[in-house]
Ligand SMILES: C[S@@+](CC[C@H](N)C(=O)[O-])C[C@H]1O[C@@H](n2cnc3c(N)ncnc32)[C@H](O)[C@@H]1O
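Below sits a lone chain in C-alpha cells, taken as the form predicted alone.
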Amino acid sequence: MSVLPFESLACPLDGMSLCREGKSWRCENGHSFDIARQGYVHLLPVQKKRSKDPGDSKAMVAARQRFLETGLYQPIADAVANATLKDVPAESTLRCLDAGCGEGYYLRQLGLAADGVDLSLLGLDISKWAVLSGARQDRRASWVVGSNANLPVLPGSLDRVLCLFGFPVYAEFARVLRPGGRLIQVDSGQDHLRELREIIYPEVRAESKKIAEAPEGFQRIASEDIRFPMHLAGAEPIADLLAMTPHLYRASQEGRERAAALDSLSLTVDVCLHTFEREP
C-alpha cells in the first residue's frame, strides 16, 4: 500500500481545477492558495466563514487527540476501515475524503488497514487547529481547511466520503462522489455515552441520530450497530472525552463540575455505521 498525492482539489472561488505549483495551489483564473509550512492549505474563503475561528478550538483538538490515542475507539476505527475498503479491488487506487476529519485519527487508521490498495487521501475540516494537527501527524495525506457546505473538490472525483460524527451535506457528497462511490457515515445511537449524559444533564432524552431513509441521490448498502463498554480511569480521560463532544458546551456549569469531580467512569459506546452508494 502507498499513499498517493491527492490531485482533485477545486478552487473554492470558482470551482476550477487546482494545480500545485511549488508551494501553492493555483487555478487557471489566477486564484492562488499558499501551502503552509506544516503541509496544509486553507481553502475556506473569508466570506464563507461564520466566525473568525470556526470549528473546534485548539484545546478541543488536543483533547480529542489524547483521547483517541488511547485506542478506546479502535472498534469504531476498524469498522470504518472495513466498510471503506469493502469491495475495493486489489491493486487499485481509492480516492477518499474524510469530511470533518478532526485531527485525522480515522484517516490514519484507514492507512494502516489498507492492504494491496493504494490510497489518495484528503482530510478536510473547518477548524484550522484540527487540520494543522492532522498535517503534523501524517504528511502522506493532503489536508485542507474547508467546509462540507462547499467542498473544494472536483465533481465525481472520489470513491469514498467519510462523515464520522460530523455534519453531512448530502448534496455536496453526491456531487463529489463518482457514480457507485460510497458514503461511510457514523452517527451516535440513543445510548451513546449515556452514563456521561446522565451525570451532566438533569434529564436525558432517548434520542438517536440513526437514519431511517437513504439520503437523496444515494441508496443504502448496509447499516451496522457498533456497541461496546468502555471504562475511563482518571480525571484526564473523562475531561478529554467531554471536551471532544458537543456536550461540553450544552451542559450547565453544574453538570460540568459534576463530571470534573469524577475519577472513573464506565460508559456505553453506541453508534451506527451506514454505508450509502451514490446512484448513477
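These numbers come from a predicted model, not from an experiment. Each residue number is its position in the shown sequence, starting from 1.
What follows is about the form predicted together with the named molecule, which we do not show.
> Which of G255, P215, G55, P237 has a heavy atom within 4.5 Å of the named molecule in the model of the complex?
For this set of options, the contacting one is G55.
> If the cut-off is 4.5 angstroms on heavy atoms, which of these, Q109, S157, S188, S127, is the one near the named molecule in the model of the complex?
By the 4.5 Å criterion, the partner-contacting residue is S127.
> Can you tell me if F165 lies within 4.5 angstroms of the named molecule in the model of the complex, counting non-hydrogen atoms only?
Contact check for F165: yes, within 4.5 Å of the named molecule in the model of the complex.
> Whether C101 contacts the named molecule in the model of the complex should be assessed with a 4.5 Å heavy atom distance threshold; does it?
Because a heavy atom of C101 falls inside 4.5 Å of the named molecule in the model of the complex, the answer is yes.
> May I ask you to check whether P152 falls inside a 4.5 Å heavy atom distance of the named molecule in the model of the complex?
Flag for P152 set to no.
> T84 near the named molecule in the model of the complex, any heavy atom under 4.5 Å?
No, no contact at 4.5 Å.
> Select, from the options 24 to 32, 228 to 236, 215 to 223, 56 to 64, the stretch whose residues sit within 4.5 angstroms of the named molecule in the model of the complex by heavy atom distance.
Careful reading of the contacts points to 56 to 64.
> Even though the chain is shown alone, can you say which residues of 140 to 159 have a heavy atom within 4.5 Å of the named molecule in the model of the complex?
Heavy-atom contacts within 4.5 Å come from G146, S147, N148.
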